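Each of the two blocks below gives one form of the same protein chain as structure tokens; they are labelled structure 1 and structure 2.
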Structure 1
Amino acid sequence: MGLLGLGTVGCGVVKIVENHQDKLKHQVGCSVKVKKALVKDLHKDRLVNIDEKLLTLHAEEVLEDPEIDVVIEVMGGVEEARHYILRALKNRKHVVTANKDLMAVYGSELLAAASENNCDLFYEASVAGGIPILRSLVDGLASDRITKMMGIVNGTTNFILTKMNNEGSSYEEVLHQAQALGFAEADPTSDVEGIDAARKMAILATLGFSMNIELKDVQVKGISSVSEEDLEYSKKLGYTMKLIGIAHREKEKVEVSVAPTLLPHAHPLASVQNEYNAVYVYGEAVGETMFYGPGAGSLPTATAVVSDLVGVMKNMRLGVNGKSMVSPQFQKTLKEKEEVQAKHFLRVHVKDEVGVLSHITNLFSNKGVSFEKILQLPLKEDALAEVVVVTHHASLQRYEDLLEELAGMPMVKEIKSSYRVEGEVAV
């Protein structure tokens, strides 16, 4: 095999391949060797001992070498990685990638190129690190009709929210820890702004619903504006805040979103801590299933990569590479905002004056959004009060209209925060 990249994941792949030679030989009938690894810096310290002669700065030494059967793309980025993968496939090399940025945007193009060249292109590690969720959707639940997936699919943001919630750590401090531990992307903006999770939800929804769901179809909100006050209120009201991806299919219309969401403490996803991921899958026949495990990090992610490598090699022995691609069965139809029903948490600063609360409640009732909970607390500054609301289910369209009108009311100083709420807190 040849590696494109030898960083956090690439070094994990080399370690697993070295440590499991006997097992690999037993599974695939031959030994597996690293022939070349593309890197940017030949002299950098690596997390694994590797003969320096195997390192190269030239992609063609991987992509054009006839002795390399499988290319493992673990370098990240989009355009360069896409170009290299297309070149590898054209040269009849099978490809394993961990690159969700690439698969969420160019997945259908790359899979078609793989199929044309009778090659495998596997990407299990691109979603939820060490959890074999893609294989579970495509093979394990192949006989069912999946209607909903809900998941924590970004390790970095779950790590940040866990530490902020449990240890009162600051956002910046924990983000640095996540970077040092190798969970965060090279540019962590895509983690904290929810884009990494959105890419993964696009991949999950495409496979789960057999529709071509693209990144642009996912509504995204990240965690960078989540404040300590929001976390405190969540706790007091019986909720835990998590960055949740939701993909929901009703009849043939779908909604895919990623947003900080309040879950009752007793919800199974609420107890998923640190860099761990979990994906809840509802199938019409199977009912509820949940897949849980480490969502990022060197060895967990490398496990998924090496499993794909084993899959490729088994297919090589059977002579069936490039046969696994099935084009999406259904035309994509996204729900309108009027059709997306959800509960919401809202925190607003208002003037602490007679009649303010009744103006606000009137607006809610005019918009047809009803309260599940409401509380008003005085604030020390500027004769202001804080109003915190949890709504019953309402359409997203109505809720957004309400927010717009609320923001324009003279007695409203600022809408501090608004989050989706899933599930019921036991009274």
Structure 2
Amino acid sequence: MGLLGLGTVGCGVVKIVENHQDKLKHQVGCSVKVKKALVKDLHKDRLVNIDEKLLTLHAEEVLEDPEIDVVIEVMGGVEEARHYILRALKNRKHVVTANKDLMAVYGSELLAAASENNCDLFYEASVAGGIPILRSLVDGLASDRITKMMGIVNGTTNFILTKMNNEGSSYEEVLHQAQALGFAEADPTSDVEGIDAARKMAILATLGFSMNIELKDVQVKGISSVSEEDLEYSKKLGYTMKLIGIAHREKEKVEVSVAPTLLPHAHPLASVQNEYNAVYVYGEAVGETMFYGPGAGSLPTATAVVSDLVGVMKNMRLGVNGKSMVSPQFQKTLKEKEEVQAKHFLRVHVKDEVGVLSHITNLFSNKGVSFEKILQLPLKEDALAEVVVVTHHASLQRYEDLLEELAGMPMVKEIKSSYRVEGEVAV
């Protein structure tokens, strides 16, 4: 094999290949070795001991070497990685990648190129690190019809929300802590604004629903505006907040979203702590299943990469490389806002006057949105009160229309926050 990149995950791949040679030989009947590894610095200290003769600064030494059967891309980035993978496939080399950004944007193109060249392109590690969720959707649940996938697929945001919830710290404090521990990047935008999770949900929805779901099809909201007050009210109402990706199919229409979401404390996803990931899958036949584990890290992610490598090698022994790709079965049809049904949490600051709550109640009634729970509390600020609402299920269109009209009411000072709610709190 040839490696494109020898960072955290690349070093993990080398460790697993070296330490598990006996298992690999047993699985596929031959040994596995690194022939070349593309790096940016030949003399950098690494997390694994590797002969410097195996390192190169030139991609063609990996992509053009006829003795390299499989190229493992763990370098990250999009355009350069895409270019290298297309070259590798053109040269009839199988590819394993952990690159979710790449697969979310160019997955269809790369999979088509792999099929044209009778090559495998596997990408299990691109979603949820060491959790074998993609293989489970493609193989383990192949006979079922998936109706919904809901999960925590970004470890950074789950770490931040866990700490905020358990310690009462502010978003900014916990973000700095996450950066110091290496859970968050110096520029955390992709994680905290939900973009990383959206890429993963696009991949999951494409496989789970057999539709070509693109990143632009995912409705995205991040956690940067979540406050300590939001979390405290969530707790009082029986909920835990998580950044949840949802892919839901009803008949032939789908919705895919990523947003801070309130879950009942008893929901299995509510107990997923810190940097761990979990994906809940609903199938018409199997019912509810959940996949849980470390969503990132050197060895968990490398485990998924090497598992894909084993899959490629088994296909080589059987002579069936490039035969596993199945084109999307269904044409993509996204739900309109009127068809997206959900419950919502809403927190509003209003004038503390007689009749205000009555006006708000009338607005909700006129918009066809009913209350499941409502609280009204005085604020320390003079003449202001806080109204907290959890709605019954309502269409997204009706709810957004309600928010627009609510914001324009003279007695409403500010809409402080609004979040989706999933599940029912036990009475």
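Note that this is a predicted model, so its numbers are computed, not measured. Residue numbering: structure 1 sequence, from 1. C-alpha atoms forming the largest set that superposes within 1.5 Å between two forms make up the rigid core.
- Remark: the form predicted together with ligand HSE is the source of structure 1; structure 2 originates elsewhere.
- Residue 331 shows a C-alpha shift below 2 Å between structure 1 and structure 2 [criterion: core-superposed Cα displacement of 2 Å].
- Comparing the forms between structure 1 and structure 2 on their rigid core, the Cα displacement of residue 167 reaches 2 Å or more.
- Relative to the superposed core, residue 44 undergoes a C-alpha shift of no less than 2 Å between structure 1 and structure 2.
- Here residue 188 exhibits a Cα shift of 2.3 Å between structure 1 and structure 2, evaluated on the superposed rigid core.
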